[in-house]
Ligand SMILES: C[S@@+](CC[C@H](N)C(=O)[O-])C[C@H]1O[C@@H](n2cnc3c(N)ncnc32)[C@H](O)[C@@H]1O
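Taking the form predicted on its own, here's one chain by itself in structure tokens.
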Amino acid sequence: MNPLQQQLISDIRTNGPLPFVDYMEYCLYAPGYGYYDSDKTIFGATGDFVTAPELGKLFAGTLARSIADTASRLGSYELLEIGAGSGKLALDLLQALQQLNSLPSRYRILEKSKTLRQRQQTLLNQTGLPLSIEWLDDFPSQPWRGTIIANEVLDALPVENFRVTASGLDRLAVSVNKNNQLKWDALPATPELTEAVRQLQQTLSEQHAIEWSSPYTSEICLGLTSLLANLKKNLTSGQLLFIDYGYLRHEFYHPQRHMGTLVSHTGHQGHFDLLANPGAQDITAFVDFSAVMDAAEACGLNVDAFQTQANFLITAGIEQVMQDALLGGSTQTAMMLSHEMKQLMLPGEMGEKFKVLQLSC
């Protein structure tokens, strides 16, 4: 039994069943013990999963072209990355922007994990780039202009896990059995969750003729509006780029997807035992991009584009980035770049599974 599991069991025995949204927060972000704040290797071939920046430099190089295009209209600008992971995207992005003569005046990272922050600082503090790189504990408190980047951040936001049955709505939770093992439990739904699911069912019925059979289990993120409002609060002009895997509402809550989208990852394998090894495995939910767009518009943000990752990268000029990377390279380099391109672009890889949402203000 690991320390986080001991802490969870103690808290549950003292305070009763833990709502899944709090369990997910615990498992991912508990200081010192949570998945993203542990010494565990998370990213890359030796970790649990690979993100687009970990594949090579094509993703960051193409993203830099899109950011530079926006920067040309803003003039002096800043970059804010939410959840910078290993720091590789920040490093490759800044190097690509330097080559484009479009470095921001400042690069800031909002990172909850102290462990990841230390790794990012080790990587980025030795770049020698002519700009300030800063780490934030909270959202920017002063007016600024520029671009916000969130690559695989929304899928790690804690979600409410709910179940609709013939007798009503359950708020799924985590409890403890007599053998000190974590188990699933159910609590009465809160008024906020009840209203959110009611509105969701009404929208699905009226706009998509979707009705759920009982029982139907899924999840919903109730923190989206707060997140977007905080991101927009002091952004006077600029764009927000969210890159993640997910669906539009009618796909996310399709009747056949009656067990939701929650999944755990460890050692590059996905599985559905969300209660196993808390803190030692990732827990993630696909993103309901319709909900993100609704929250954005409620905050006064403009929805500029929503497209597959493949379409975004094509529009932003990945073919030119590929050609530049091939210049003077070896046959082995060409093979590696070709493999990277396929992983980023093909429908069976990241090309269609991942989406890019572009917002502006």
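Residues carry their position along the shown sequence, with the first being 1. Since the model is a prediction, treat every value here as computed from it, not as a measurement.
What follows is about the form predicted in complex with the ligand, which we do not show.
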**OP:** Would you mind picking out the stretch of 234-242, 79-87, 272-280, 206-214 that comes within 4.5 angstroms of the ligand in the predicted complex, counting non-hydrogen atoms?
**Re:** 79-87
Original post:
Which one of Ala156, Leu228, Cys221, Leu172 is close to the ligand in the predicted complex, taking close to mean a heavy atom within 4.5 Å?
Top reply: Ala156
Subject >> Of Leu91, Leu182, Ala285, Leu116, the one that lies within 4.5 Å of the ligand in the predicted complex (heavy atoms) >> reply: Leu116
Original post:
Any chance Asn151 has a heavy atom within 4.5 Å of the ligand in the predicted complex?
Top reply: yes
Subject >> is_contact(Tyr29, the ligand) in the predicted complex, heavy atom dist at most 4.5 Å >> reply: yes
Subject >> Partner contact for Ala71 in the predicted complex: the ligand, 4.5 angstroms, heavy atom >> reply: no
Original post:
Is Thr51 close enough to the ligand in the predicted complex to count, meaning some heavy atom within 4.5 Å?
Top reply: yes
Original post:
Considering only 103-125, what residues come within 4.5 Å of the ligand in the predicted complex, judged by heavy atoms?
Top reply: Leu110, Glu111, Lys112, Ser113, Leu116
